[in-house]
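Structure 1 and structure 2, given next as structure tokens, are two forms of the same protein chain, each shown alone.
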Structure 1
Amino acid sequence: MMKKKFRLTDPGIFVWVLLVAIVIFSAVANPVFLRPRNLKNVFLIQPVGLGLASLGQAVIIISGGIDMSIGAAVSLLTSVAGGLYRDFPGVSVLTVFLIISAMGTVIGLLNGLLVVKLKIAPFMATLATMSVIQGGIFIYTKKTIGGIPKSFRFIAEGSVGPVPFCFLYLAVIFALVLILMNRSRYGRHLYAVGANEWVASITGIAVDRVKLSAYLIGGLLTGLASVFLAGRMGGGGPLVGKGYELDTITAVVIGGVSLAGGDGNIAGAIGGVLILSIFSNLMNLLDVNPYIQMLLKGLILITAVFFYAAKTAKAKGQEA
């Protein structure tokens, strides 16, 4: 059997090459980047919320779907976290954690049912859900809700020795998702469904069940991301998750996950998250206008999609 050639342009490798390159560029562009406090924030704290949400987006995209409601869901769930402490001051951390996680899962279930049972295209289904959720948030609250206590904020601000607790939080969840995707039959089924639903169905895979479960996992991970974000900001609000749908898609695409489904890896998605984290940090250090940052993120997404699409087309041409 021939060994696969090592290529720096392979998606699973290129993301890490790009990560090293952007680290070097950032260090040269602004020496503040290399300060220990900044490095701790960029690598261990800042990527946590986006990392968890991007893991969910990656699972959904690999299954052949997409989730445009993540940003609205984050806004809703962080608002509810703040609202629970406002209305029930003595509520326990575990209770709020479970409520937010459960609500995220329910949102995922709703998206999954729209896609699987009503056969609505994933983009349109989750775009509709996004609109419904965003409208519901403004009915619930039109402003930021603060007041989350220090006990809950430990998730985002606490430490275990020198290591931020939130980094361990992300690391454990990442490890579980990685095992699920790479070391289980379910993971193989997920990739198969994303690659070709018809072929997957004739091999005995329960396609609808797999697709629905992908949205459930995505919703749960969005809930877990919202727990961290509510703790970090000390509350929530209608616009907290604004742009998260684009950021999660950009992160997973940079990481080599194909928007066509059935291809990509979870580790690469985290690499994409780190690249976006460093990019945002550098833009802030250089005092770049936020609107220009949005424009640049869009260009990064277009470039990543074009690059990987060209690689895929070339590979298929060589196979033919």
Structure 2
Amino acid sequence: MMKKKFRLTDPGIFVWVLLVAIVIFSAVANPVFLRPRNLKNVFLIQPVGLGLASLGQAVIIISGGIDMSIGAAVSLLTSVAGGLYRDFPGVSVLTVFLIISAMGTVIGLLNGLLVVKLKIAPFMATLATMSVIQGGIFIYTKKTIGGIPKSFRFIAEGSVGPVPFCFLYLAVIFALVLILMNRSRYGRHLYAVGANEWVASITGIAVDRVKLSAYLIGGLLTGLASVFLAGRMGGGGPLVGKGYELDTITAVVIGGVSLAGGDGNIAGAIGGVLILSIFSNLMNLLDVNPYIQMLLKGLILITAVFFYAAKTAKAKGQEA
């Protein structure tokens, strides 16, 4: 294998360059950005929910799939967390944590089975699950269920010394996923399957099992994200996760992960999430009109995708 040359425009690097650029710009644009309290919000707390869900989305996308059901799953799981406390006051934090994580994994299993066993295209399969879950939520509850107690909210609001607990929560899970994806044989298989299923299968990789496992991991991570979000919102409701699937895809794409599968670093997803988090904070600090915000967000996405597409085209050209 040829040793890769290092370039700032490499997708795995570009996201971090973009991140540093936006940090520097924010610091210059408004001094409030550098206030410790603001930095703590923007780096350590606000990115946690989207960060965890985007890690899941990234694993699935790298395996060659996509998950459109994340938003509905977040709505369902946070609602159930609220519902558990409503119906069983005094339930332990650990029990709720385990139930929500398990339910997330089951949703992942469902998605995985539709894709692997019924051979439904991932986009359609997970779009269908989205609709099924959304319907299910409305049967379960039409209203937001609040009232999650402080003990559970510790996950989102508590601190260990000066460090917010939720940051540690994200950091540990991120480290585990990073090791799994970048340092294990399983991770290599996942990339191989995402890049080319047929080639992967003739090299002896159990393609179906690998694909299924990607959805399981994705579902688990959605569950873990929902645990944080339920704590952060103090409850859940039928609409609270709306649009989350698109946000995770945006973060993952900005992070340099190819939607075609098999390419990109999982860490990029976190970079993408941080960029979105800082961007949103900056827009608030500068008091930018909401319509302009949407427009600028689109421009960031296009810039990232443009860089990556140009890079891929060039790489393909060199191969030929």
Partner chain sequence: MKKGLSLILITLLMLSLGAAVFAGGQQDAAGKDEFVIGWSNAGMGDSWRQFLKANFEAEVAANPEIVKYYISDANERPEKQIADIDDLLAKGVDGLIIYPTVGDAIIPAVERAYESGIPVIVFGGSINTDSLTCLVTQDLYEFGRSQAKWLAEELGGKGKIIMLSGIAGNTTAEERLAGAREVFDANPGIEVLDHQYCDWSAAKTKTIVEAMLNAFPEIDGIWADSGLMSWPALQAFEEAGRKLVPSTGDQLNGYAKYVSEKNVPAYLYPMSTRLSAEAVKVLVAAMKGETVDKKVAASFEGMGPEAIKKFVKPELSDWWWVGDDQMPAEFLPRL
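We call the rigid core the largest set of C-alpha positions that still match within 1.5 Å between the two forms. Values in this document were obtained by computation on a predicted structure and should not be read as measured data. Counting starts at 1 and follows the sequence of structure 1.
Enquirer: Please state whether structure 1 or structure 2 is the form predicted in complex with its partner chain.
Expert: Pick structure 2; the other is not the form predicted in complex with its partner chain.
Enquirer: Could you tell me how many Å the Cα atom of I300 shifts between the two structures when the rigid core is held superposed?
Expert: Once the two forms are fitted on their core, the shift reads 3.9 Å.
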